[in-house]
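Before any questions on binding or motion, here is one chain by itself as structure tokens, the form predicted on its own.
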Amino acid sequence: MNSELSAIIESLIFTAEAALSTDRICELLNEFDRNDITYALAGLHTDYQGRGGGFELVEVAGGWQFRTRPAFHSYISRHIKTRTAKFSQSALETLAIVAYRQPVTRVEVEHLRGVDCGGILKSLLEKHLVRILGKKDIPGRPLIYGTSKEFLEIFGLKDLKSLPTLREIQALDAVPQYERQEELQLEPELSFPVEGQLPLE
């Protein structure tokens, strides 16, 4: 592996504000062969996974990014106070519909949820989790919504194919086999004589 090329790629990813795609890296390093770049990326990924350090190189949102290991989150939060994004149940439901049904219109989202979703979609747009993909070619030309690159980054997804399937989601609610057991039959409680029933000496 070309160690200089690996070092250059490493520095590009390290200084990037967002996940850097392979295409973008190849564009920036047009003096190198694409195969060499993809080989160097694979090598870097393996090295960081194998070293077990505080951060790793991950493929997320269609690109490459350095991220701290999730196992160390509690320690990092002592040092960096991050504002966690809080979502209402309705916002999460709307975001899930957009993620799994995209491209989708507001009317289609509202049909599935059964309530008005205009305010929630606006909020998701402001948080950059949802984006407008265009207009649907039907009367009224309604806006079409889809998830953004930021959505993939926040949820740590490589691409939309990485979204959990319905079967995987349902499996989260399933009781593990080792927890499924018949209720133990206990022996009837032993009866002890009360004071009035004690034999007199």
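Just so we're clear, the structure is a prediction, and the values are computed from it rather than from any experiment. So that there is no doubt, residue numbering starts at 1 and follows the sequence shown.
There is another form of the same protein, the form predicted together with another copy of the chain; it is not shown, and what comes next is about it.
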| property | result |
| --- | --- |
| Another copy of the chain contact in the predicted complex: K135, any heavy atom under 4.5 Å | yes |
| W64, heavy atom within 4.5 angstroms of another copy of the chain in the predicted complex | no |
| Contact flag, T68 vs another copy of the chain in the predicted complex, heavy atom cut 4.5 Å | yes |
| 4.5 angstroms heavy atom contact with another copy of the chain in the predicted complex for F32 | yes |
| Stretch 12-28 - residues with a heavy atom within 4.5 Å of another copy of the chain in the predicted complex | L12, F14, T15, A16, E17, L20, R24, L28 |
